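In structure tokens, the next block holds one chain alone, the form predicted on its own.
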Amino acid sequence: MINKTINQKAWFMVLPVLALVAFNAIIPLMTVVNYSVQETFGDNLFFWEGLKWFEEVMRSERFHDALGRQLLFTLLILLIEVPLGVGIALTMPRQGIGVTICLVLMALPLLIPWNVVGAMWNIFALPDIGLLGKMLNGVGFDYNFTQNTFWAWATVVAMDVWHWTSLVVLLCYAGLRSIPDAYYQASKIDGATSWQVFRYIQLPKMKRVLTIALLLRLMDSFMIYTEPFVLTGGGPGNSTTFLSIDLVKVALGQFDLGPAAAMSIIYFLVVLLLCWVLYTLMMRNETN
């Protein structure tokens, strides 16, 4: 019998990573948990409140409205960006200089900072001087995203689609490139149509990258803050005040740290639950 020597020194290499994670995630999370069950009036004085703030948030009509807007926004961008990204990936070339050009063009929106995206679309969509606003008003639409709820939503969704569809495209294109040519050759011999190739070869092979794309876009859409805040400020009224914007208003605008901390924890749990449900549904019947 051979005795194996177990070397635990490798754990020392992981300690810096654990320390970084603790500093960036665990410690701030514990701070939020601390504020969510207490009340403070400054001078580092805290008073135990228990679950009072959680009950207040869950019963708040304001929170329910913000959550409803957030869920609607997430549903819209997933329904638009994922099919659009798959469609663009399918039309991209597989070889030649066109591949490089397409990949660079697809990557460009992802390189632009979020605040710059919001500022660009704010100027682009201004009803009086913006190219988009002037064009829509010129063809007969009464376009004004600063005063009309429908146009505010349409502009925010269009901005997000422009900014993030490229991520879905790049992930799907990587999945398509990983499919061996033998599958396409076999389908050609069998006389399969383009739809059959997509349904039975390409789509199953893209399942994992589509799962990643859906999870990333779900999480990103729930964390969106900078772009709509710069574009609309959450208006007109509260029509584009998503959960993140409302949380900042409660925490920094009203300085209600207890309710804001409770809201942030509920916010986190909602995102975690949705990601788990989506991942479970996407990976159901997965055997490989």
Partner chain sequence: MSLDFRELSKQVYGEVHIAQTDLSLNPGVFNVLLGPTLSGKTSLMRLMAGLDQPSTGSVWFKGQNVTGIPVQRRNLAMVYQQFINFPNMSVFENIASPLRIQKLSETQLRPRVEKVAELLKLTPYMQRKPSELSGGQQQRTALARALVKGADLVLLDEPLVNLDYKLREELREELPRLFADTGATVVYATTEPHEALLMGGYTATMREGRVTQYGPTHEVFRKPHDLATAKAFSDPPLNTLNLKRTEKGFEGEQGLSLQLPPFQNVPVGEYTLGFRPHHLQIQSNGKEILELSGEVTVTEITGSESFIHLRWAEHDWVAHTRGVMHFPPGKKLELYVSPSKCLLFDDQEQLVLAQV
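Positions refer to the first chain, counted from 1. Just so we're clear, the structure is a prediction, and the values are computed from it rather than from any experiment.
What follows is about the form predicted together with its partner chain, which we do not show.
- Looking at residue 204, you'd find a heavy atom of it within 4.5 angstroms of its partner chain in the model of the complex.
- Remark: residue 97 does not count among the residues lining its partner chain in the model of the complex, judged by a heavy atom distance of 4.5 Å or less.
- Not displayed here, its partner chain is kept clear of residue 108 by more than 4.5 Å at the level of heavy atoms in the model of the complex.
- Within this chain, residue 196 lines the site of its partner chain in the model of the complex, having a heavy atom no more than 4.5 Å away.
- You can rule out all but one of 132 to 140, 76 to 84, 152 to 160, 173 to 181: in the model of the complex, only 173 to 181 has residues with a heavy atom within 4.5 Å of its partner chain.
- Between its partner chain and the residues 123, 192, 103, 116, the one pair within 4.5 Å by heavy atoms in the model of the complex involves 192.
- Put simply, of 186, 216, 90, 72 only one has a heavy atom within 4.5 Å of its partner chain in the model of the complex, and it is 186.
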